[in-house]
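Next comes just one chain, in structure tokens: the form predicted on its own.
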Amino acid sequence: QHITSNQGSQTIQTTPGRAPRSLTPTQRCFRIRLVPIPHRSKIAPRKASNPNPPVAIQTRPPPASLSPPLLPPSARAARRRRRRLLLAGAARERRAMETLMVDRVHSSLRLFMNRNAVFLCERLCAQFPAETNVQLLATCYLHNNQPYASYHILKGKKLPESRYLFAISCFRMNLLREAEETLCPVNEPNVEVPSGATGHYLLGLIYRYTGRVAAAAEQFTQALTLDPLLWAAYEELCILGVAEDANECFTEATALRLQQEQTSTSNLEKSNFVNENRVLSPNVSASLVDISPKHIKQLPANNTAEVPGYPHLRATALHVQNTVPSNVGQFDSPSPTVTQTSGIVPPPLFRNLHAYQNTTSGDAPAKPKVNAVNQPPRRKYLDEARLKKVTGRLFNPSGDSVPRRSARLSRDTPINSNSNISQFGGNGSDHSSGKLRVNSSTPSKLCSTAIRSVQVRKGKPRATENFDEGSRYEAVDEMWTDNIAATSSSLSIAEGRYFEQDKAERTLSQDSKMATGIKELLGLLRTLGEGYRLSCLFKCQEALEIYRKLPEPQFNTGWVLCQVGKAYFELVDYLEADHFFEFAHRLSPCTLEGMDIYSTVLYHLNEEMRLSYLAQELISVDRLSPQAWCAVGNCFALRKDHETALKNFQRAVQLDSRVAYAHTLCGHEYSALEDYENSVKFYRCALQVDERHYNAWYGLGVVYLRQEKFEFAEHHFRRAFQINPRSSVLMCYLGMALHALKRDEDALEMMEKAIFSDKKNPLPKYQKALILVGLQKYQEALDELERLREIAPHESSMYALMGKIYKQLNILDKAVFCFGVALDLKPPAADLAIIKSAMEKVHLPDELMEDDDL
């Protein structure tokens, strides 16, 4: 029967089974074949009776059974084993590929080839999408300055390392809230912070930049507790002003703890080496068993050495050198068991010189030579019965119960891989082959003794040698055998004791060196930490004394010299600050930290040319550093170009919004432009970055003082004074605010403190004289101004105030003289008109004079 159907250009033809009624449901299937229809031009003319004749096709009978034939159990088991082997081989290949790619990625990261690392790691994650590989890809993205890519691939990951990398990405993208939620999930309060000390440090930074100082200090303290050498955490505690004394942080207990950690780490590494060596030891023993003369020929040249005086003898090292260090392997390799050494052919017996001479002279009994053609090939191993026969004839010729030499040696000195007994081996059928195997760890004295005692026959073909030749050498030097056994045993025991003692001494030496190194490091950190803590507390004089205790190599570094320069800057000693900053910049021209403060020092010293040169150098080093643009801004500010200076300071803020000093400099420029609203805005931004940035508190106080909001001014000046209680400038401005609030007694007290704090600062002396004039204490004011003239003899405002006091005291000639000197010193334009007006009204009575601002 044929069933046909036309569909397009193809014909579907089916052939049912032969016995439809007796077929099973499975066998009732139809086998369908597609047969193409030939082109119309090639088809014969159709008949009218059958317009669509079927195309003849070949049919195939259905198979007798659709299920595969059953295999015997052994074949099925073999198939399963083959499948498992194939799967295991494929898995090994995949692991090898993954290991190679991971190694190449790490190598690229070490060599700072970040783009190559990203490319390879992307291929790695595409082939092996494990989360550890995704973490490696995120690390590559972070190294390549692509935190957004790392953020994208790590979002939603739950492993601790993934959470830490995701938090780093959020922190770099300024997504602080999301970074905090990743490190400390709200729904899981008991989850530990990932990455230990570094995780707590990152969480502390997040708390600090979000204004939670107490929580930030707690996290930094926790990080320092977990890792006492995490200097960044102690540095942040110093910046927050809550760091404890460095002598209490880097204590002897910390040194003991670090020493214990290092000891445990080294012991763990040693145990890993020992375990690796023990795993390799059975293989080494098996290789010892399988060594044959053929294998000896194939040994590398560095393992065989020609014996001096005997060119036909070669010393071959039996032991197999592995990659485990010698100081570990030679002590921890286990001794071979009896079953491991049972397959080793007994060592050849050394004949004495007399036996050899008798043999060569013909006194020895003659032995019929065996034709080399008829001799069967030598076997690699002897069977047990032949081995017993040979060993009995060689080592116990008298047949008594005296134990053979090899047994005595095995009882006296256990066979070990680090043993000093010379092991001589040969094939059971090849005693006179001229091959002598010697352990490379044999002492030279023992080797020389053995070599001097060995005499080997020459000139006899290998094919004629047999174990039966042992009957010609019945005279055995038992004295030499006993001596060599005793010497080997004593040397082994003595050397073992020596190695144990040497190992103990080395361990003690390493522990003592480690303890000394840890103490030295903690001592250095104590000095640096205490100096930095005192600098952050603005105890600059004490900090300078601490820094002077550093050794010369540590003191003459860029970081320490910049810290010393900052201390002098806070002490308003700009000349000394300039000296140390210049030294630091010359010593390390690529160090940018602290260069913004250095530019401010040059600004106060009016060093326009040097400031311009410094700005150009910093821009050439790194155009994307905020310190460079701060230096450029100070250069324009010194030229009174405040608008250009403001643009450069804003560029610094754009590059790094977490630099508080850049915000403060923007506020200063807005204040100089009398744009107090924007000035207050930038000062507050600086305080959001660093709440203890007293310069911002001072700037806010100056703005409110100019706006005559004296209560606000006094509040902000006092906050700045609480942060830096040793600044004479802050004391002076606080006294000015108190004087504006009519609290003259408190103002005078504050001025006295300012003068005592810095006797070279002329501003508090002048302000004190103004307060005394307001209190009508003219003589005291004149005395203070006379002391001020010794410090600053070219201040026009000082001479103008002296002229006013002389006018009040009715000493008109001195008053005119002082006003004239003030005009000669070219005062500012705002003061020039006031001084001229006062000079013109000297001879007028006080009732006719108007109030002025002198």
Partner chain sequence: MESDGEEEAAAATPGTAGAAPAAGRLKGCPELSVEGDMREMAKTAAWSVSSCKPGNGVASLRDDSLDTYWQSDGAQPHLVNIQFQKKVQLQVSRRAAAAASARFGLDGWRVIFFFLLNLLFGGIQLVVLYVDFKLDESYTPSKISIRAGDGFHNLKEIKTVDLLKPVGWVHISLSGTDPRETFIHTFMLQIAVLANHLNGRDTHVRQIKIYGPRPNPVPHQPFHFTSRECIMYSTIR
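Everything quoted here is computed from the prediction, not taken from an experiment. Positions refer to the first chain, counted from 1.
Below, we refer to the form predicted together with its partner chain, which is not included among the displayed structures.
*Asks:* Can you work out which of 549, 94, 82, 706 has a heavy atom no more than 4.5 Å from its partner chain in the predicted bound form?
*Replies:* Looking at the other structure, the residue within range turns out to be 706.
*Asks:* Just one of 202-210, 149-157, 521-529, 572-580 has heavy atoms within 4.5 Å of its partner chain in the predicted bound form; which?
*Replies:* One stretch meets the cut-off, namely 572-580.
*Asks:* Under a 4.5 Å heavy atom criterion, is residue 811 part of the interface with its partner chain in the predicted bound form?
*Replies:* Taking the distances in the predicted bound form, the answer for residue 811 is no, it never comes within 4.5 Å of its partner chain.
*Asks:* Is residue 668 one of the residues lying within 4.5 Å of its partner chain in the predicted bound form, judged by heavy atom distances?
*Replies:* Taking the distances in the predicted bound form, the answer for residue 668 is yes, it comes within 4.5 Å of its partner chain.
*Asks:* Whether residue 166 contacts its partner chain in the predicted bound form should be assessed with a 4.5 Å heavy atom distance threshold; does it?
*Replies:* Contact with its partner chain, no.
*Asks:* Could you confirm whether residue 762 comes within 4.5 Å of its partner chain in the predicted bound form, counting heavy atoms only?
*Replies:* The answer is yes: residue 762 has a heavy atom within 4.5 Å of its partner chain.
*Asks:* Would you confirm whether the three residues 729, 794 and 833 all fall within 4.5 Å of its partner chain in the predicted bound form, going by non-hydrogen atoms?
*Replies:* Checked in the predicted bound form: all three residues contact its partner chain.
*Asks:* Taking its partner chain as it sits in the predicted bound form, which residues of 124-152 have a non-hydrogen atom within 4.5 Å of it? Please list them.
*Replies:* Contacts from 124-152: none.
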